[in-house]
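As structure tokens, one chain now follows by itself in the form predicted on its own.
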């Protein structure tokens, strides 16, 4: 049952067309948020809006390329014109691939950097300009990864990009607080979560899920709703004294990181 923890907050969620973004958008809407979900796939964006509307929530879809500065400017203008503010930004959109370092072309590394890092920079900067001027401030949640804290085999490009997101968020938190003590910036660092990003790279067998479950301390497969719950916490007023952290939601994998 909803407790209205995000009642009437204007929440922008990038990459809301699937996976963690869709789960976060639905969970936040269930807590009373008004969702502006963004992405490149209008059909899947409409699906997210429909799922939220079916349960009585409020949402709209805005088509966006998160690597384009002009798209961020247009999104901010839309939100401030229609709603007058932005209370929460979830920088969720991103990319992923697994490939040995020696087989990773520079072009692929640069693409991942644009999608995972430059998009977070553009989104954080755009939202901060709005939130710093708001008496109520705001919360910026940058989706990083366990890979932003530890090294993973054949994922050097991904690890580099997510480490950048984690550290960028810490630095941005200090700057944001100096502009407005009620603006918070945090990174959220999931472990292996059962989404299309994982199944597209590794498959979706029961055996694989059991393998991933055994690979963390809690022996539990990470699910999108686990991340969505953490997003709600960082977005809600109950985390008003929390900024500059890297919140790990990984079943204890980072705490028990051994060669398994």
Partner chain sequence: MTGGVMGRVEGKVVFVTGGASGIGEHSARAFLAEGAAGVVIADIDAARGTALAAELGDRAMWLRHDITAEADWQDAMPAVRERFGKLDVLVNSAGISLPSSIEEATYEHWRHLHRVNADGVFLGCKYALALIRETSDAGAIINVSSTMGLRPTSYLAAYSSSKAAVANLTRSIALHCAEQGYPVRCNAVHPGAIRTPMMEAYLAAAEDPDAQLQAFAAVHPMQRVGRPEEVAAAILFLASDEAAFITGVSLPVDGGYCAA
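Keep in mind that what you see is a predicted model, and the values were worked out from it rather than measured. Numbering follows the first chain given and starts at 1.
Not pictured, yet referred to below: the form predicted together with the partner chain.
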Segment that reaches the partner chain in the predicted bound form - one of 216 to 224, 34 to 42, 66 to 74, 48 to 56, heavy atoms within 4.5 Å
216 to 224
Given the partner chain in the predicted bound form, answer whether the residues 181, 248 and 256 all have a heavy atom inside 4.5 Å of it.
yes
Given that the partner is absent here, does residue 243 sit within 4.5 Å of the partner chain in the predicted bound form, heavy atoms only?
yes
The partner chain contact in the predicted bound form: residue 29, any heavy atom under 4.5 Å
no
Should residue 133 be counted as a contact of the partner chain in the predicted bound form, where contact means heavy atoms within 4.5 Å?
no
Should residue 229 be classed as touching the partner chain in the predicted bound form when contacts are defined as heavy atoms within 4.5 Å?
yes
